[in-house]
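One chain comes next, on its own, written as structure tokens: the form predicted alone.
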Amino acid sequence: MDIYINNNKYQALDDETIIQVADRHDIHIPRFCYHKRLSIVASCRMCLVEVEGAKYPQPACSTIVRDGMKVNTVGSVTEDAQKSTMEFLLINHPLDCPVCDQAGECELQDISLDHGDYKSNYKEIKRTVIDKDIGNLVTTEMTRCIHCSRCVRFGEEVAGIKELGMTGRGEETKIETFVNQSLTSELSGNVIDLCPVGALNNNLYKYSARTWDLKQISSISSNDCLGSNIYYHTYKNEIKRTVPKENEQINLSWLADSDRFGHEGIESEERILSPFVRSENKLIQSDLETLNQAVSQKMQEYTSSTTAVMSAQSSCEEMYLFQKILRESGIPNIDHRSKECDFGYQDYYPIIPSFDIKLSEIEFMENIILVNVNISKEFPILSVYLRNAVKQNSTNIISLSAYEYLENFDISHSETLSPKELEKYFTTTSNNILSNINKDKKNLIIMGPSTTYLKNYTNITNNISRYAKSINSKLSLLGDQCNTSGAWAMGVVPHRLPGGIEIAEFKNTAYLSSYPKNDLLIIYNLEPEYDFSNDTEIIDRLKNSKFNVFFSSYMTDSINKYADVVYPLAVQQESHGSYINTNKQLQVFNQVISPRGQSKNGLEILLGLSKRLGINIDDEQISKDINEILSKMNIKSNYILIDTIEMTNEKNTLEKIIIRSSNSNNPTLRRCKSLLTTHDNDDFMSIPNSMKINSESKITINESENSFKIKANIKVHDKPDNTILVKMNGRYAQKIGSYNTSVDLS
């Protein structure tokens, strides 16, 4: 249909509103309550426009267009209506722009200047509102609130948790929490962006810089495999805040709190700011040339007994060069799967793990099965898509996991299962909820990264793949780190070269193990206490090896105690490179701030080491090699179908599982105090109810040859039977042993 705006003809779609047509054609209409991703309430009235044939001005955000409609956004009728609305909104708004963090980017300031009057007819004393403490991430100045209700609608419609609401009437109207408690949603920080005034503020940014002084730099999230697009705002070489960069294929207009507030850890006192080498049993400051000389010598000396483990948070460029240096030095034992303990699946694994469909296609799925993943906590942006699928398509979502997770979208059926039960569940579908899944429907199975931690992961993934194939389901494998897909693509595994090319001697043979008896251990951007499937085992390896090399951004007790050489690794925000996200997209990120002290970009450090080893390569050649590798990759389905497999022994043993904590899943995040105290402040050990242990019991866990106590709250659960669940966050001050193992209690 055709409509006329300011006497110009434009095409419009059925059910579009005036403001949608105007926005599509860059015609300015002021607004406060309207947001393209939220429901329409037409409460602020700022978007009133003249519509031919209507007695009064109409709200552009809620008025549906009709063929031949004539709209005037600039005439005297429109201007008078908007000026009156502006005066009404400013009756109680304080004149504190000089101290407001929103000043300079405030929608109220801009619209007041363009559509307001220079004077007001109201002389009454302005009202004040007492602020409530809603947590460490978002602070309030609710006297400034103009009741647009964007934050309320966001909680209800996107985050799925109604934490903020509107109370009172008339001049007593307030936006507040119904109960005096902190915001808990992993998406809560988005209310800061949505607020058109300075009522809801970023606590880490508050009073630290002015908007017009900030420099904006585009980057990519380093905290999960979705690869949300973000902008960092910097001032004097410090990150002051993080905001979303809109991307219709990934994070839409939103950002997870781990991405928004995850830069806090960069300023940790534990940052390693210079190279270190061990001398007389102490780490002393050194230089990169000395380190390169020592490491190259040890690599030549211990070639056949070296193990190298690299974080999947590293860039593709770092990964490619890391494996190239090691392989050309005769060292094949390279891996990124530091938290895994079962590798029987590896010969049948896809070239890279990925999401089998585009995120935008999720809402068209009719059945979705979640396996051992808490989407709302681990992948908050993905929860937006799943919530939309339930709302728009009435998608049936089933959750099968080792712990009773709470989600911000409706779950039609959930079951709590032990790893053994989970393995069996997909082979006996006639007796469970899976028998109701129709293979003619659009089906999707999503496997969470914590599934890879389980000691029967091979069997679980085989059984799930076979079931997925039987119901024509897509299978999505969510990576544990932001560049897990990149680690597989770049060959940071012992049995494959970059591009997924198999190495003959590893085909159909037992896995070498990431930690055989070592003379030389090389650990890249991983912390032994937190990032390995068994912290006790890796620390024992460090004790017994002859030489330990660490590339690290932060100092930990084990690094300080066992490292012989420490390279000062810059964090992601101080580096540049690329990641492959779960949608198989190669995304480039830029350096945001200069590296602290003498720390350096990992690629720069590795180029220095490669030069010392006589490997002739540079940045440009690495980029060419990576592009060539990716262009040749033929990625098919994610099915992992194993030819011969033995079912897990059904022994009735007590099993311990560590619950994945996404907000402390990498070295920088686990140093973000504000984030952890808001979203991960509950350390606990949950015991099966059948064991009849009370919450005050002193419990010792006996695991292999080790005994240790976990200092945490004791809880009890009904399911799964014979399974102890442990939840820890941040930098826990105690050993927790293996992520998944058989144990005894005493």
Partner chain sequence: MNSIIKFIKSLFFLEIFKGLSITGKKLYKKPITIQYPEEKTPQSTRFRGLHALRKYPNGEERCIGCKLCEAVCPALAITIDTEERADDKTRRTTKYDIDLFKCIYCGFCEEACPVDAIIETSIFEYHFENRNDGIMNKIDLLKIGDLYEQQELKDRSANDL
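Fair warning: this is a prediction, and the values are worked out from it, not measured in the lab. Residue numbers count along the first chain shown, from 1.
Keep in mind that the form predicted together with the partner chain is missing from the display, and what follows is about it.
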item	value
Which of 211-219, 472-480, 78-86, 355-363 lines the interface with the partner chain in the predicted bound form (heavy atom within 4.5 Å)	211-219
Interface membership of Y207, the partner chain in the predicted bound form, 4.5 Å heavy atom rule	yes
K636: touches the partner chain in the predicted bound form, heavy atom cutoff 4.5 angstroms	no
In the predicted bound form, Y235 touching the partner chain (heavy atom, 4.5 Å)	yes
Contact label in the predicted bound form: P98 to the partner chain, heavy atom within 4.5 Å	yes
